[in-house]
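Okay, so here's just one chain, in structure tokens, the form predicted alone.
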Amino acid sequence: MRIVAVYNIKGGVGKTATAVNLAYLAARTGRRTLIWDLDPQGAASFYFRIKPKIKGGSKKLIKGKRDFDGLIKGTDFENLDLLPADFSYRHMDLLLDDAKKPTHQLQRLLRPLSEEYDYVFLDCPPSISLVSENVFAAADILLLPMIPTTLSIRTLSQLVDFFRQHSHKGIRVLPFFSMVDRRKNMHLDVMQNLPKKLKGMLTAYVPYASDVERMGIHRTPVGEFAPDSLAAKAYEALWREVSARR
């Protein structure tokens, strides 16, 4: 089982759209796939038409009084399941802080799923917190969408500094450009220059596209309602590159 966390300190960079579309593509290629909506806003749950609610909330889950049986929901797509968000996730940091080995609780919860799933995608909230440290400990790949702007580069530098200070050697950090507008000179300049300085940058990128925004109307991945669109092709290219990484 490979765990792919879609993460950024910043919000509004396309994390949820990436997690939803890549999980959909993984399932479409026959991989048994789970997406866990860790964001209390519940956007991934909304896209899959599933109520953002788990019985007992996050407290019972973290304290070991509930396992994933009965909480995981099937989606409309074969091979693709969802562990919904819950508004109680906003308190997850406090619950994790009270647990033994507080940075390894998500890893503990996910471990029993290794026989059931080939891929688990984590749609992460935008923060540096105990939740994100759990994500770093559990994930094999940290997929980092970033808009090609100065502020995004600064945010990336903050994350790199954090990893230097906290030894997370088992995780691969894979940044890629998201919400790219090729009409903007700044976007073009950053896309040309940053990969020369940053090791591991993916070549696939996702354009700024109305089809991604229309996911909220159709409540389904782009590949379902606009399979020939630039956005759908971009996510396919991104998935090929991510799935090829070992």
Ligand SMILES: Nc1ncnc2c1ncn2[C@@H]1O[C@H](COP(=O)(O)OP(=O)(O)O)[C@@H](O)[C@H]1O
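Numbers for residues come from their place in the sequence shown, where the first is 1. All figures in this text were calculated on a predicted structure; none of them were measured in a lab.
There is another form of this protein, the form predicted together with the ligand, and it is not shown here; the text below is about that form.
The stretch among 186-194, 56-64, 205-213, 28-36 whose residues place heavy atoms within 4.5 Å of the ligand in the model of the complex is 205-213.
Residue contact check for Met201: none of its heavy atoms lie within 4.5 Å of the ligand in the model of the complex. Though the partner is left out of this view, Gly11 does reach within 4.5 Å of the ligand in the model of the complex, counting heavy atoms only. The ligand in the model of the complex comes within 4.5 Å of a heavy atom belonging to Met179.
Heavy atoms closer than or equal to 4.5 Å to the ligand in the model of the complex belong, across 23-62, to one residue only: Tyr47.
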